[in-house]
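One chain comes next, on its own, written as structure tokens: the form predicted on its own.
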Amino acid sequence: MTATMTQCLLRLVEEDYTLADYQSDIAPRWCAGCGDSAILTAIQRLCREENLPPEKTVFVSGIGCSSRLPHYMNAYGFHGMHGRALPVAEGIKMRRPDLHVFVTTGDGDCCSIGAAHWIHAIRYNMNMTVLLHDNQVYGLTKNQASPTSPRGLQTNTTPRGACLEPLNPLSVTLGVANVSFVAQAVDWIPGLLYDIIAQAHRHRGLAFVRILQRCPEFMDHFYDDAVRDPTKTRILVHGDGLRLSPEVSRIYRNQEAHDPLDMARARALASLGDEIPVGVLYRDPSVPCYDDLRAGERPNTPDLIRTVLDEEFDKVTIWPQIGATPLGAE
């Protein structure tokens, strides 16, 4: 066997990752029963199944319970400011298009202070995966109403009950120009949660996945009816979309054959009031990606990086005067 063949075989072995390769040495600090744990498990499984190199994978977050996720992944991470995860992720993707970029954000982080970034991120359609952990309450700051909180919910900021109807992240996203992928998952069906995130990752463009996620501390019984009664969940199936396992299909019989290119039906499904749609609501791979449109304008070469760094360092460099006495020479 030649040296080149040996090196290739060793490289194949080295790049065969396991779940442990994506687990950091920091134990998750979420409450017992928090849906974020199911999302973390699905993401780590996806990384293993797709064999994503940890050094080529980035998780970006803002502030909130969901935004702790980058700490629990053995990959690159950026724990940013409240509501600012998306512009950070866009900057990373623009300069490093070779990286796998994931954004984990909460209903307050994304839909309140980060709402403007959310709208324009959908419009830019950059190639990344956005996971909205929606527990419909501010959990990290201890029980305040969020934009997706149901009307009448009593919290520390709405002691008499929230007076506004909740914002629907699916309907909002489907109403933005250049939207290319919208899906919904729930944390209590782990198989479908993984499948939906996997389809989002494989999509070329910005894939937006809203994940209905239980909060055992402040919304402990909110999803009990949906968990106990499978008929309250409508599973969206398609030949090129979700394909249910026999076990899931036997439990969740409320199914609909849905074409993800049908925008009108996607919007109708997003507005269902008595059932939870689970699956890919909309997908259009023909929508151009902003990073593709801008590709080639400034190639990210080592020389360019060195030039940009030198320019920035020059702004703060104190150059010694010619002929001046060196420090300590007096």
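Each form is matched to the other, and the largest set of C-alpha atoms that superpose within 1.5 Å is called the rigid core. For every residue, the number given is its place in the sequence shown, counted from 1. None of these values were measured; they are calculated from a predicted model.
From this point on, the text means the form predicted in complex with another copy of the chain, which you will not see here.
S.K.: So, in the predicted complex, is Leu272 in contact with another copy of the chain at a 4.5 angstroms heavy atom limit?
M.R.: Flag for Leu272 set to no.
S.K.: Closest heavy atom of Asn178 to another copy of the chain in the predicted complex, within 4.5 Å or not?
M.R.: Answer yes; at least one heavy atom of Asn178 falls within 4.5 Å of another copy of the chain in the predicted complex.
S.K.: Closest heavy atom of Arg243 to another copy of the chain in the predicted complex, within 4.5 Å or not?
M.R.: The answer is no: Arg243 has no heavy atom within 4.5 Å of another copy of the chain.
S.K.: I'd like to check something about Cys163: if you look in the predicted complex, is any of its heavy atoms closer than or equal to 4.5 Å to a heavy atom of another copy of the chain?
M.R.: Cys163: yes, in contact with another copy of the chain in the predicted complex.
S.K.: Determine the residues of 115-145 with a heavy atom within 4.5 Å of another copy of the chain in the predicted complex and present them in sequence order; the list may be empty.
M.R.: Ala115, Ala116, Ile119, His120, Arg123, Tyr124 sit within 4.5 Å of the partner.
S.K.: Superposing on the rigid core, is the Cα displacement of Glu311 between this form and the one not shown 2 Å or more?
M.R.: Yes.
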